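Okay, here we've got a single chain as structure tokens, the form predicted alone, with questions on binding and movement later.
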């Protein structure tokens, strides 16, 4: 039997809450309401009060603010130790962490410290305690049942909508943290230099697939994305072919996205790709094959040659914008 309560673990990135934090609030709130259990969160940072207050305003019942200078930058050892102390204090049995690169590392260490069960990349959490996660690049879906009193769940990004401001604001409680003598330390961080829109938080995405015929096809994809102010995505087939870097890959083995507009150019629509963008608002597909899964899924399906259609679309966008 799991302990009652749900705890969200959040580590701000350079002082700012990542969008995934608000997705965790939605996931946690839905589960807490279904189980009639409290929802709490812990913010780990050198300046935790501001981000903690922001989470408290979005539907979290209680937020623990853990402040320490060594928590300014992400260090697996320190953040896991601080999160474990907060989990023990709250006594919660279900701990939610974002399944980002840092989140996966944190979840694994946290599970060891708490002797908890662990499920990674979860996209559905059921009130009975079971969760669903993909296996073998999404070809299988596993249903995981926890046998431990504490369960650590890393939630796939873009699976849940971001929580909005709530009518009731939760409480913020400072929580002291003694890091002791850490065996690891933060050295440096260098951000990737790019003028492109971030795929993970984009409201508009233009993706290309094997139907582009080669890497040169992505020039038109980038041109359309620039005209729309969109991020550029890609199917696994395009990435595996070496046409575009992995950071653009959308799907269960890449990034999950939840844009208001998703344009799929030359993408047939394999299940792994559809799973990574199925929460999009409006889906536009451009493909010569009217019977492919993506064309059947799309809200707007345009049958034709992308080399002819995209320049016309870009020209019309520029015309409408003057």
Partner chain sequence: MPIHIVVCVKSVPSSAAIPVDPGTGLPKTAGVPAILNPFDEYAVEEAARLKERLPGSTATALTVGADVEVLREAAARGCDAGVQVAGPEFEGGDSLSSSAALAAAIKKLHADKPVHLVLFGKNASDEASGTVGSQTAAWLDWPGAAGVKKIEAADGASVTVHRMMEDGIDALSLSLPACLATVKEINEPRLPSLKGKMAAKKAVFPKWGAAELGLDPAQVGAAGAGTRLAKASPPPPRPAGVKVEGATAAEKAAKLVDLLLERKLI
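Heads up, when I say rigid core I mean the largest set of C-alphas that superpose within 1.5 Å between the two forms. Positions refer to the first chain, counted from 1. None of the values given here were measured: they were computed from a predicted structure.
What comes next is about the form predicted in complex with its partner chain, which does not appear here.
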{"property": "Distance check, residue 222 to its partner chain in the model of the complex, heavy atom within 4.5 Å", "result": "no"}
{"property": "In the model of the complex, residue 74 touching its partner chain (heavy atom, 4.5 Å)", "result": "yes"}
{"property": "Residue 298 within 4.5 Å of its partner chain in the model of the complex, heavy atoms", "result": "yes"}
{"property": "Residue 210: touches its partner chain in the model of the complex, heavy atom cutoff 4.5 angstroms", "result": "no"}
{"property": "Position in contact with its partner chain when the complex is considered in the model of the complex, options 164, 145, 216, 178, heavy atoms within 4.5 Å", "result": "145"}
{"property": "Contact check for 53, 86 and 89 against its partner chain in the model of the complex, heavy atom at 4.5 Å", "result": "no"}
{"property": "Interface segment, criterion being heavy atoms within 4.5 Å of its partner chain in the model of the complex, picked from 26-34, 258-266, 63-71, 42-50", "result": "258-266"}
{"property": "In the model of the complex, residues of 91-111 near its partner chain [heavy atom within 4.5 Å]", "result": "100, 101, 102, 104, 105, 108, 109, 111"}
{"property": "Exceeds or equals 2 Å, Cα of residue 254 between this form and the one not shown, core fit", "result": "yes"}
{"property": "Core-superposed comparison between this form and the one not shown, residue 65 Cα displacement 2 Å or beyond", "result": "no"}
{"property": "Rigid core superposed: residue 276 CA moves 2 Å or more between this form and the one not shown", "result": "yes"}
{"property": "Relative Cα spacing, residue 282 and residue 124, in the model of the complex - shift of 3 Å or more", "result": "closer"}
{"property": "In the model of the complex, shift in Cα separation for residue 165 relative to residue 276, 3 Å or more", "result": "farther"}
